[in-house]
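First, one chain by itself in structure tokens, the form predicted on its own.
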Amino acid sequence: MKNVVEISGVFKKYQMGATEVQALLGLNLEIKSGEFTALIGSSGSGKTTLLNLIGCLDDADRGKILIDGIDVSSLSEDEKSDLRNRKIGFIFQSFNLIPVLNVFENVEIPLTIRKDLTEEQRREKVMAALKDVELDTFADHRPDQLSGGQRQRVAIARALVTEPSLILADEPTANLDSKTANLIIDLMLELNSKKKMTFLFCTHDEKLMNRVQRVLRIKDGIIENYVHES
């Protein structure tokens, strides 16, 4: 099974006023195709920094990051943007839906910059993604007409629509009640099982630990230990 993510010896620091914050300290990580991995860690542990580096939203100070075998440090900004669009799907805790667009239009956004797709092909992909999250009958609804759980399912459909190699989910259940949060995890696990989609799921909620295949703990900028792997 190939590695979708390979990280070796990655360091990242930030300047906060007069203070230098070392967010990642020589971190190593491999994520194989089809895995569903939860990254557990307290606030300030380096979770979001790590996801930003994997998602090509930020650059490492040192070390190597490969996404689907591509060394991201060798890419231009345009090439990173193309890599994000084709190989990485993002799910955020705040949904990040555009209120004036309907469900269909929100999910279609990542496809609109693709020059290789016709309008009909885009429509087919959007409706297939909405069907995967059981919202195909809500395509004409606006976000303010949906529940929190439905909005997060729209965000999942938007992440799925490009058929990426990897989906990064940053605290996707943080704004949901516990019942809805478990339903969202159920959905992501189902998509992982049926479509063999690779998920890296970032959370501070350790109650969700036993719901996933593999759990890693990050502390002080390094992967501290393997908490659980089934």
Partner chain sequence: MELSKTMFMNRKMLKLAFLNLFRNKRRSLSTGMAICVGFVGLNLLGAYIYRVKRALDTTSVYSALRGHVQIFKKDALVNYAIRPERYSLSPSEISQVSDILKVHASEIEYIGRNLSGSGLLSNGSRSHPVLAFSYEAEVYARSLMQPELLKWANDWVLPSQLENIDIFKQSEDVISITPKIADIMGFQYPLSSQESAQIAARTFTGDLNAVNVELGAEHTTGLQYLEDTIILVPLKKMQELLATENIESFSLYLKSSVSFTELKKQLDRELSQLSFPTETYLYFDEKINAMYVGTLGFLIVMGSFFVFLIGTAVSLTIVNSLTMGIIERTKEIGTLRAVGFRQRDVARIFVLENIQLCLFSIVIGIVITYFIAFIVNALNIQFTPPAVSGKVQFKLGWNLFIAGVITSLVLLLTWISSIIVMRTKLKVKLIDLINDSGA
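Positions refer to the first chain, counted from 1. Fair warning: this is a prediction, and the values are worked out from it, not measured in the lab.
Unshown form predicted in complex with the partner chain; subsequent notes refer to it.
- Only one of 94, 73, 145, 137 lies close to the partner chain in the model of the complex, with a heavy atom inside 4.5 Å, and it is 94.
- Contact between residue 98 and the partner chain in the model of the complex is found at the 4.5 Å heavy atom cutoff.
- Although the partner is absent here, residue 57 sits close enough that one of its heavy atoms falls within 4.5 Å of the partner chain in the model of the complex.
- The shortest heavy atom separation between residue 132 and the partner chain in the model of the complex exceeds 4.5 Å.
- When contacts are judged by a 4.5 Å heavy atom cut-off, residue 158 counts as touching the partner chain in the model of the complex.
- Residues are counted as partner-facing when one of their heavy atoms sits within 4.5 Å of the partner chain in the model of the complex; in 19-40 not one qualifies.
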